[in-house]
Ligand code: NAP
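Single chain ahead, by itself, as structure tokens, in the form predicted on its own.
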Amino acid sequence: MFDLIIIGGGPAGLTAGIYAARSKMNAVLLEKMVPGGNVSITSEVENYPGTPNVSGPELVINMEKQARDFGLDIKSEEVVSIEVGAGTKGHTVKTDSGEYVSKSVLIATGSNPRRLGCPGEEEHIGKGVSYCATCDGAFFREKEIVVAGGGDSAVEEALFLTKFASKVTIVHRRDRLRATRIIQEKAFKNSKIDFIWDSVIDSIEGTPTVKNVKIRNVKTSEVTDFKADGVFVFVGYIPGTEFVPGIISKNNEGYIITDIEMRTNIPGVFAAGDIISKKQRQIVTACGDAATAIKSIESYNEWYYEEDQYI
């Protein structure tokens, strides 16, 4: 019987692990892949306090090492379901390798890249369509690339891709970027970056790799062909809640609803990071969520002991 099961090994999960292990909780972190989450495929992190211009992989490697040094048990297992316990039974987390029981559960599985859903996207994944500039940018040296999206991630990744590509064209459905001002300014100053406004990608074509995209203007409905060797998609994220039972409250987009103490509507179940309903999804806010959650979990677990609720 664990004090805490942490599901997810991104910045929120690892921060929770550091705080939990440092507080001598009997905790385990379950992560289906290598720890790090989306940060592990981010080329450069400029805004995490105290670590200017650190790479994403370097940052999460340090977080993981710190958590392990405090004694956190990290297991490579994929969670398939959570069974909410009744009374004093605790909560059961089932994985592809077994099951664990704990007084408290912290869900910190973040979110995954949203797809365009247009014809040709699925067929060209790994053949010119990518969702990770850090992973695949080097394959597009001196190539022409289209980037779908206009937020921070899209523009940051477009800037990174200019290290390899001869030309990067950002296709955005609005007439202005949603990215923060400082990121926009970098993009506008970069001679390798062009923009196609008020437009979306209607289809992706080419055999066997990407050769062309059809771009539709959302105001005029005009469709034009645009030569491209690759398409990088950054149009938002989908919360990783596929294993979360319906009894745990979520908003219309599927993000878990918590209070300011990171408590869900189910006693003993908490959530933190990009998985929860909130406005800002940054590394630093994920870490802050996790620190808050651990303090709440400590109080919840102490209540179990003090009231003799736990068997």
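Note that the coordinates shown come from a computational prediction; the quantities given were computed from them, not determined experimentally. The first residue of the shown sequence is 1; numbering continues from there.
The discussion below concerns the form predicted together with this ligand, not included here.
Although the partner is absent from the chain shown here, none of R263, G268 and N301 has a heavy atom within 4.5 Å of this ligand in the predicted bound form. Between 89-97, 224-232, 184-192, 166-174, the stretch whose residues reach within 4.5 angstroms of this ligand in the predicted bound form through a non-hydrogen atom is 166-174. Checking R68, R281, K250, K32 for any heavy atom within 4.5 Å of this ligand in the predicted bound form turns up a single hit: R281. Interface residue among T134, T241, T162, S153, judged by heavy atoms within 4.5 Å of this ligand in the predicted bound form: S153.
Mapping the unseen interface onto this chain, K219 falls outside it, with no heavy atom inside 4.5 Å of this ligand in the predicted bound form. Interface membership of K127, defined by any non-hydrogen atom within 4.5 Å of this ligand in the predicted bound form, is ruled out. This ligand is not shown here, but in the predicted bound form it comes within 4.5 Å of a heavy atom of G149. Taking non-hydrogen atoms only, G236 approaches this ligand to within 4.5 angstroms in the predicted bound form.
Residues of 96-127 lying near this ligand in the predicted bound form, listed in sequence order, are R114, L116, the criterion being any heavy atom within 4.5 Å.
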